[in-house]
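Listed next as structure tokens is one chain, alone, in the form predicted on its own.
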């Protein structure tokens, strides 16, 4: 089936005993053994749970991978992926990435003996040069980046990673497999904060990994079971339910984002706009080659921090909050919210200024959203 059909039937046809259209919730911690040395396939829910297993199989199919794994949060999924590496290994990572991932790498990854080098992964020459550093074992790419919406050429980066025989991971949270499938462009693992678009309703916290090959899937499954940061059965069921409308929601997210970007692009109070859906954006052509759409995230710069604070205090349709990807439109100040743990010199180097505002465009009427921004800016 095509992606939209798979999404519409997420979790269906998975309970042959009852024929339930929706996958049931199995809130059992343990499962009875038929006899000594025998198993139903389920023993203990940390290792595997029927509801979570259906979710994991669904995301693997959607992404074109061999195995999916569900975690208690997006950062728990990133943490599990980092456990694929050993002390002394170094990773090359997107420089303007989610602040929580940066915090995890710097505060816990380094304590495990890992090293991290940050680079503009939209710049192939910079990535190629950085990969020549000694000890590089992994390439971790966020695409598009958060919050500057830079676009990496996934296939070109895969070629660089293959030549050096390093593990290639892509955080695909902003686009989801409904719009982009990084494994098809050479990635080894895809990473998702399923809290965002995959969940889409601001009512669950979850993370997902998808491994391209079975061996990598087994390694990640061992880590998932051993570390134990698994997703519970209720959240697994809720995420399956949310997936059923993902393709419809993403269309509206993008329609609204395009309308807002067009409005902001011509506004005299906006000094810089980041949205790859605009033909004028540096990442537009690249993203058009590797995705079915451009998503619902954008960011822009205004004249001063005072203007930013005025926007945050004055919006009436947008909500001032830190998450993204849900039905409600949210406005965020990355410098002091999502990326506050980045050192000031790093923030300055990557362009994370006190004038930058990030929007997660929701599903409201676009006239209400544009009217809200127009009233605040004018």
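Source: prediction; values computed, not measured. Numbering follows the first chain given and starts at 1.
Separately, the form predicted in complex with a small molecule exists; it is not shown, and the next lines address it.
Though the small molecule is not shown, can you say which of 137, 196, 258, 247 has a heavy atom within 4.5 Å of it in the predicted bound form?
-> Exactly one listed residue reaches within 4.5 Å, namely 196.
Quick one: from 290, 202, 101, 299, grab the residue that has a heavy atom within 4.5 Å of the small molecule in the predicted bound form.
-> Filtering the options by heavy-atom distance leaves 101.
Since the chain is shown here on its own, which stretch among 205-213, 112-120, 260-268, 151-159 would lie within 4.5 Å of the small molecule in the predicted bound form, judged by heavy atoms?
-> Among the candidates, contact is made by 205-213.
State yes or no: in the predicted bound form, is some non-hydrogen atom of residue 142 no more than 4.5 angstroms from a non-hydrogen atom of the small molecule?
-> Within the cut-off, so yes.
Considering only heavy atoms, tell me if residue 174 and the small molecule come within 4.5 Å of each other in the predicted bound form.
-> Flag for residue 174 set to yes.
Does the 4.5 Å heavy atom contact test between residue 295 and the small molecule in the predicted bound form come out positive?
-> Residue 295: no, not in contact with the small molecule in the predicted bound form.
Looking at the partner-bound form in the predicted bound form, is residue 75 within 4.5 Å of the small molecule by any heavy atom?
-> Residue 75: yes, in contact with the small molecule in the predicted bound form.
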